[in-house]
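Given next, in structure tokens, is a single chain: the form predicted alone.
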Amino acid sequence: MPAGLFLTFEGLDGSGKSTQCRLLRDRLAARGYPVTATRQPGGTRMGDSIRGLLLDSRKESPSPHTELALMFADRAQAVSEVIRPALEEGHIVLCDRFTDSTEAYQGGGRRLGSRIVLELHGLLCGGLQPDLTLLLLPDFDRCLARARQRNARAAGATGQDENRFEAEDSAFFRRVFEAYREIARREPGRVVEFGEGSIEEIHRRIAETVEPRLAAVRG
């Protein structure tokens, strides 16, 4: 059985990461690769319930440590139920957010630091690491504006409110942004950063980045 490949997409909301995850999923599926796409928080029945607790701005806000614990409860379930089984079956797993998000948002944004995040990851996720992380960091101000506009439209159209993080001030998101850049500097072999560009251009660059990894695992 061929080895699986674990790819994650990271970045601020509004960076285009979910769009690029979908485009890569479609590209790989069209070429006949077995693909499992998921997201965090969410991606399992339990995770979707946790997602509502974490993102709905109408619900009571958890403390930073409670927020961190909920993120890892969601992730541990996803690793056990979705990610590891798919990798063991030789799938390419695409995950919209993983532990880098927690290090950026809770470690950086909430000022909990990286150490507690990485320790919990090792304990609760068995240290599972992506083979490749695609980090989208376009212009900070445009990215944040797009996220707020998108979530406001989604709330109006579907009644679902996922705006709790977008209600944070710019200083919070600047800390998140800088935490992502620090992760990229720390792990250049795993994390590839993408800046400005059209949807098509970023997709092309992502495909060019992923292709050697596919060749390596598929022989």
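Note that this is a predicted model, so its numbers are computed, not measured. A residue's number is simply how far along the shown sequence it sits, counting from 1.
In what follows, reference is made to the form predicted in complex with thymidine-5'-diphosphate (TYD), a form of this protein that is not presented.
Although the partner is absent from the chain shown here, Pro41, Met71 and Ser101 each have a heavy atom within 4.5 Å of thymidine-5'-diphosphate (TYD) in the model of the complex. In the model of the complex, thymidine-5'-diphosphate (TYD) sits beyond 4.5 Å of every heavy atom of Ala184. Contact check for Leu55: a heavy atom falls within 4.5 Å of thymidine-5'-diphosphate (TYD) in the model of the complex. The shortest heavy atom separation between Thr209 and thymidine-5'-diphosphate (TYD) in the model of the complex exceeds 4.5 Å. thymidine-5'-diphosphate (TYD) is not drawn, but in the model of the complex it has no heavy atom within 4.5 Å of Leu24. Counting a residue when any of its non-hydrogen atoms is within 4.5 Å of thymidine-5'-diphosphate (TYD) in the model of the complex, the one hit in 72-89 is Arg75.
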